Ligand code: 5GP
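Next up: just one chain, as structure tokens, the form predicted on its own.
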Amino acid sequence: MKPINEIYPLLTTPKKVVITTHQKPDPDAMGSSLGLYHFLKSLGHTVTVISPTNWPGFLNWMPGCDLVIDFEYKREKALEELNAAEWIFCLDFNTLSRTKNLAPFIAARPAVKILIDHHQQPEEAAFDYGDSNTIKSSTSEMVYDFIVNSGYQDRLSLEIAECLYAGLIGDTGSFRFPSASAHVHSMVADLKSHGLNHTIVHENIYDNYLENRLRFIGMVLLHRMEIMYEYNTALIAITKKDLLRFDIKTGDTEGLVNYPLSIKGIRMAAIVIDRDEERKWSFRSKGHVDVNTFARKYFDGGGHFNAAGGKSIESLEKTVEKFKQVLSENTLQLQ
């Protein structure tokens, strides 16, 4: 994988570009993709954003989101754009498997593949150029760096600012997490100078749910949260019946894993959700607790030191049982 700065001189020549991200995109995945979309369009490129799956409704306000192609819903159109692409930008994931059913089609395309991502252990052989930087708070921060370092800071617009800021607050917990560096705050100051109204973005991301989600969260915290003080750990297990009862849609469980971390003494929080095809895990932690290694070792996942995901094909009951068993192997880490 060659360094991404070798792409900079090529930006002046218009290309047919596809931008894609991981399945079930979150604010950073969609924000970085649309931020890059508006930037490349300003340089004269023909650009299409393809999402491997649907996305949360609270992201629909983002400028350009109405033009994003859902691969599962419009497969033929997505493949048409992918087959015509000369460049494929891969954002907020570093292994092709994170794009679900889109993965083999990306791999088969002869187009130049360009990675921009901040997760650990990238699949470097899958990409021609790339920037993989685990120190960065978000892929949105990295897209901002891409724009500035390529010499086109003057192309920053209000549309780009709104998209990148949404991704930034999503992955920094609204600047709560350690990844919110001085550079992150300098970036925000620059986005503000381009007309960003941060209050509107916050409202669109965090104050845009239906009543049923709040009632769902109340039920979950009361009936589905288990605290294991001997391991400084909290576990939330959500059944398929729970999802159906409250009509839970994509994105409605976003951020739920963080709630138990507000409990004094809890160092790791985990949530597992019973999906149709598999059980999906999310892990969050404080301080020295490495959930990236934990997710990779036990649940076929990974991510960041303090935030990771995983999956299991076992039943909800069996994967919860496994989680509780492996906690004993990590007692010292969780103290």
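Sequential numbering from 1, following the sequence displayed. Values in this document were obtained by computation on a predicted structure and should not be read as measured data.
There is another form of this protein, the form predicted in complex with the ligand, and it is not shown here; the text below is about that form.
*Asks:* Want to guess which of 304 to 312, 43 to 51, 30 to 38, 63 to 71 is within 4.5 Å of the ligand in the model of the complex, heavy atoms only?
*Replies:* Contact criterion met by 304 to 312 only.
*Asks:* Could you spot which one of Thr233, Thr99, Asn94, Ser179 gets a heavy atom to within 4.5 Å of the ligand in the model of the complex?
*Replies:* Checking each option against the ligand in the model of the complex, the one that comes within 4.5 Å is Asn94.
*Asks:* Closest heavy atom of Arg267 to the ligand in the model of the complex, within 4.5 Å or not?
*Replies:* Close contact is absent here: in the model of the complex, Arg267 is far from the ligand, nothing within 4.5 Å, heavy atoms only.
*Asks:* Taking heavy atoms and a 4.5 Å cut-off, does His119 contact the ligand in the model of the complex?
*Replies:* Yes - in the model of the complex, heavy atoms of His119 and the ligand come within 4.5 Å of each other.
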